[in-house]
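Read the single chain below, which is given as structure tokens and is the form predicted on its own.
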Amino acid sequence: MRRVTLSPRSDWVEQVERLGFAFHTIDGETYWDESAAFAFTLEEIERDIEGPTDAIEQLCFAFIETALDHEEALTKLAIPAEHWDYIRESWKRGERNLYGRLDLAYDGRGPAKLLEYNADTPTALFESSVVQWDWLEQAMARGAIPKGSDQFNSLHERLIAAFKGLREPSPYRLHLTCVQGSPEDKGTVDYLTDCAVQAGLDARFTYIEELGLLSDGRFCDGANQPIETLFKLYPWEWMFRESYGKALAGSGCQFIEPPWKAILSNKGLLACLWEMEPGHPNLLPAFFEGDPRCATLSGKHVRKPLYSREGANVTLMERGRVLDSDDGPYGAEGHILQDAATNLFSAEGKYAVLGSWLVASQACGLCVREDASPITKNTSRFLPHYIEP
């Protein structure tokens, strides 16, 4: 694994915009960054990223089986008790999931370490799937990277296949939703809508603020059309708090991601996995804050709210001293403490985190986010990658 400095395409803005990538620049700062790329060997991808990603997913499934029968685990995860049965039934029915992203620390030396699991509402999907693949083809054509280079990226094909298999009978009507005012969220949902259409589905968009309930308890969109299946780029913990939260279980709506993903989209998962498999090569020691075992952590560790997103309210500490932190609205739900990863990639004063994508619980793609801070934030840049021939 190495960071390779490159010259960006002179017309890179036009090239990414022709693909429909509208949020390449956020708040005046470059988000899509092709001034460098990350090169991997095939062995690194298969042995150190793809294999561990699949293994961690299976470990998560084993934890769900345990957690559903133990109220203590669900309580620690701050999941409201009134939704436990709803989550249990979702798992027992075998409701299928679409996608997720493991964030990993990896520098090419030693096993990748799980930093967190974006199991419910991961973004950076369109740029991971389409934009960096287009960059790869053009980079080879202009001689910027070696001919015959590849990329760990079968996301597009896997997503289309997964949409076809999410519900029977197929094709079916699918609504997709996100919040208003977020270009990144809307861009992600627009891409998934396109994948669903290519899968032969009747795909329709509605903003989350437009969701309503019909007199029979079913959800409806802004045009009062019943919603049978809903992809929501909106976290489960927020759904549970909405005015319609109590109506979720009886609505008859199939949600993507399914309710059981609420167990995995939680930083408390990191502490639970470590308790279940202490010493696992792809896990970092982690405990719920207040657990006496926190004293066994190394002097340098990270404090994470259970429901934090994009680095919000995450604090990097060393022997009681704050090294780095980010503001945000999270923390009232509780925290975990996790050992700081010693194998976080760093070069030229920047830190990189790998995002290992799963579709239908199979590892199939990679993205790299880079920042001047060890804490990956919503302002961190996206850099493409390639596999050397």
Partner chain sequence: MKRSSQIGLGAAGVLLVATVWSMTGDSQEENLVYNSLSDCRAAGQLTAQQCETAFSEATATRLKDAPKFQSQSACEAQYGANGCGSATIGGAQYFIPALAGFMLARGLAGGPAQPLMPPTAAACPPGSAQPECQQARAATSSSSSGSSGGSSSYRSSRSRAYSTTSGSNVTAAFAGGARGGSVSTTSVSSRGGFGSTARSYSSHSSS
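Nothing here was measured: the structure is a model prediction, and the numbers come from that model. Positions refer to the first chain, counted from 1.
Another form, the form predicted in complex with its partner chain, is not on view; read the next lines as being about it.
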* Asked: Does the trio D69, G290 and R293 actually contact its partner chain in the predicted complex, every residue with a heavy atom within 4.5 Å?
  -> no
* in the predicted complex, segment of 111-119, 83-91, 293-301, 192-200 with a heavy atom within 4.5 Å of its partner chain -> 192-200
* Should A36 be classed as touching its partner chain in the predicted complex when contacts are defined as heavy atoms within 4.5 Å? -> no
* To do: Spell out, yes or no, whether the shortest heavy atom distance between P183 and its partner chain in the predicted complex is within 4.5 Å.
  => yes
* To do: Answer for P8 alone: is it within 4.5 Å of its partner chain in the predicted complex, judged on heavy atom distances?
  => no
* Hey, in the predicted complex, is W133 touching its partner chain, heavy atoms inside 4.5 Å? -> yes
* If you check T177, N313, T123, S149 against its partner chain in the predicted complex, which one has a heavy atom within 4.5 Å? -> S149
* To do: Could you check which residue among E318, E277, E228, E157 gets a heavy atom within 4.5 Å of its partner chain in the predicted complex?
  => E157
* Asked: Can you name the residues of 12-46 that have a non-hydrogen atom within 4.5 angstroms of its partner chain in the predicted complex?
  -> R18, L19, G20, A22, L42, I45, E46
